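First, one chain by itself in structure tokens, the form predicted on its own.
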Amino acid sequence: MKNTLKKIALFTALSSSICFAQSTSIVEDFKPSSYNQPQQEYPQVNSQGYVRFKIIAPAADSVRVSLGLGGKGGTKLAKTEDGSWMATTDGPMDEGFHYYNVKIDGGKFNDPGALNFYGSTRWESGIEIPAHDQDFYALNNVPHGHVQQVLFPSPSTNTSRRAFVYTPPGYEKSKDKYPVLYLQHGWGEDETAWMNQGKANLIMDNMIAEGKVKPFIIVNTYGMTNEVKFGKIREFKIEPFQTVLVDELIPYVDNHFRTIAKSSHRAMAGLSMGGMETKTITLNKPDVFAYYGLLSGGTYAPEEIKDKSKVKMIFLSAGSKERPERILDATAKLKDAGFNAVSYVSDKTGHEFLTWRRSLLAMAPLLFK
């Protein structure tokens, strides 16, 4: 009887091991990343979200890619017979966009096979892990708006500064005036982030085509956030950027685009440190914006807002991996105090662009009601 039980236990253990191995085996359906340089085969992504890298560095002694599962220092590559270095991530990556870099013998480089995106105060390699809900930010066969670069005068900084302006489909042929959302990037990024990494223009195009949102203009400009090092954010002074935004950029946009130049038709939102900027400026300048959005960027307390009548909507969001309890609690307190407050939690995402893409998707239909 004891031998029989031992055999059963051994068979069960072996069966469990086989099932586990099968359930975690890597599916060999890798395809080049959608963000690869032209004609570059690597990096590749499979249907499970694993990433496979290949770096040509025959004279190197070690190659490591920063992208990988948390706490393991990225992915260590192994040298192959032809002198290239290859490896696959230890596990599937979160859906959405990721920055990464390559370390060759300790030096930091970008992956020659991938496109570059401005983040972490430098142009870094980027990769996209297809998301199950990616259609809302896909390049679909719908009417498209335009994203144009503008240079606006900034006497306070003694130069001209850059902004990107999204105008919705039909803007050029219409005589209508539009509300405006001033949408800010996070620390380490710049005014290119929301249209490149965030795909804000495609999100808007798709929602407008489906009749889910009232068309409006989006403006992105550099928040001057990278003038302080990461970890010393408390040293950041909002006044210079507040002057650029409120006294220089907004008048320029109102003079050069068909806007409804009223606070009731103006919103400000930002991700991460851009949320901090949003909170500070909206509290400092209550007559400028009526709609507020903090995307992984903190919260408002009811007592911080001096005139409730000036605020039409407050939107707070975070990823489910960002401890969103603070967001939910703050929203409840704002509602109890009589504010029109809305919270959104992005499922299975952290401090990353899929959280903020989904946040824009949730926030945009609530603006300018």
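Throughout, we count residues from 1 along the sequence that is shown. Worth saying up front: this structure is predicted, and the values here are computed from it rather than measured.
There is also a form predicted together with another copy of the chain; it is not shown, and the following applies to it.
For the marked spot (Lys31, Phe136 and Leu283), a heavy atom within 4.5 Å of another copy of the chain in the predicted complex is absent from each of the three residues. Exactly one of the stretches 92-100, 286-294, 196-204, 210-218 approaches another copy of the chain in the predicted complex with heavy atoms within 4.5 Å, and it is 196-204. Listed residues Glu325, Asp61, Asp336, Glu303 were compared with another copy of the chain in the predicted complex; Asp61 is the one with a heavy atom within 4.5 Å. Think of it this way: in the predicted complex, another copy of the chain has a heavy atom of just one of Ser174, Ser264, Gln149, Thr80 within 4.5 Å, and the residue is Gln149. Heavy atoms of Thr243 never reach within 4.5 Å of another copy of the chain in the predicted complex, leaving it off the interface.
Another copy of the chain in the predicted complex is not approached by Val27, whose heavy atoms all lie more than 4.5 angstroms from it. In the predicted complex, another copy of the chain lies farther than 4.5 Å from every heavy atom of Lys232. Under a 4.5 angstroms non-hydrogen atom cutoff, another copy of the chain in the predicted complex lacks Tyr178 among its neighbouring residues. Taking another copy of the chain as positioned in the predicted complex, the residues of 80-116 that bring a heavy atom within 4.5 Å of it are, in sequence order, Ile104, Asp105, Gly106, Gly107, Lys108, Phe109, Asn110, Pro112, Leu115, Asn116.
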